[in-house]
Ligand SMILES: C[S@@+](CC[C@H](N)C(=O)[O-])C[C@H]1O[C@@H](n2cnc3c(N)ncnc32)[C@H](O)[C@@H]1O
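Just the one chain here, the form predicted on its own, laid out as structure tokens.
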Amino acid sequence: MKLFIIYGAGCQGIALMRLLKKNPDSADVLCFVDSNPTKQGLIVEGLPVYPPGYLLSLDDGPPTVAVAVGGHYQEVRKLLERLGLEEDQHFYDATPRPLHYSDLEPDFAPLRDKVRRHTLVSEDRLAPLYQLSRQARKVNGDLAEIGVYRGGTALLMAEALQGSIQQLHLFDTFCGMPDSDPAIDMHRSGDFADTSVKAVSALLGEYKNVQLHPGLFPETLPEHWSYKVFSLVHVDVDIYASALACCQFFYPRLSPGGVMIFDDYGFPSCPGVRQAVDEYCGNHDLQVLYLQGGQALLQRS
């Protein structure tokens, strides 16, 4: 039988051991290995703890080593490679990972698959947008998206609003990116032109609370919107001028508890978005909340 060893006799290694014990089909663990001398020689969860050199003494050859050390993985990886072990062949990173939103909410998985071919937005960004759209049902005001492209994220938001009287307003040229500032922005006029009003209208045709506003934002804002309020605004515009215009118009019109979510804030390909949001927040004493997927949230208190 192939030997299975856990590298790391700390909290994460012990948690992995306990998790394996709950699964009757999991491999039998021979021992722990740890580079901390104070742990070597101990018995943890009924198993001995050996120094890393122990891995070279095994008669059956290199084992399968599950490395459960969290942020210290790269350091351990180098140590194991110096011992002659190869990553993914002899050892792997077994640090516990959080569940995907679709694992927690199975109903989200088919919706994710439904919108995937209509958007460039990844699942780790679709999930927060969906949850915020659901939350927006409890906040006064309509929803808006600026930067619709092929309509995938708009479809996601429309699904989240099923049964609500709130309106979803969609702003886009529907013919590609407008003029940008090459000194600030990476994207140029005409990028993302592979879309159309007709195609997006067809995609969202069954949703009666969706309104399209084709053209250049903010020129396409309805004149009677002076006193309109919003519960959620999704900004996916990629460039400085558009992002700043969104901040200037929508943030003052957010209801208490309302949120603006900027899809491209953390992406190196969209530096103008981060610059615009940071400038607006700096001028209005606001704090943005950054998500690891690259999005940023701005909430009205």
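Quick caveat: nothing in here was measured; it's all calculated off a predicted structure. From 1 onward, residues are counted along the sequence shown.
Below, we refer to the form predicted in complex with this ligand, which is not included among the displayed structures.
Student: Would you point out which of 139-147, 158-166, 102-110, 85-93 contains residues with a non-hydrogen atom within 4.5 Å of this ligand in the predicted complex?
Tutor: Every other range fails; the passing one is 139-147.
Student: In the predicted complex, is there a heavy atom of this ligand that lies within 4.5 Å of any heavy atom of Tyr73, even though the partner is absent here?
Tutor: No, Tyr73 sits far enough from this ligand in the predicted complex that none of its heavy atoms falls within 4.5 Å.
Student: How about Phe217: is it within 4.5 Å of this ligand in the predicted complex, going by heavy atoms?
Tutor: Residue-level check for Phe217: yes, a contact with this ligand.
Student: Within 4.5 Å, heavy atoms only: does Ser133 come near this ligand in the predicted complex?
Tutor: Looking in the predicted complex, residue contacts with this ligand do not include Ser133, since no heavy atom lies within 4.5 Å.
Student: Does this ligand come within 4.5 Å of any heavy atom of Asn209 in the predicted complex?
Tutor: It does not: once this ligand is placed as it appears in the predicted complex, Asn209 has no heavy atom within 4.5 Å of it.
Student: Gln12, Asp34 and Gly41: each with a heavy atom within 4.5 Å of this ligand in the predicted complex?
Tutor: No, none of the three is in contact.
Student: Taking this ligand as it sits in the predicted complex, which residues of 110-148 have a non-hydrogen atom within 4.5 Å of it? Please list them.
Tutor: Going through 110-148 in order - heavy atoms within 4.5 Å of this ligand in the predicted complex - the hits are His118, Thr119, Leu120, Val121, Glu145, Gly147, Val148.
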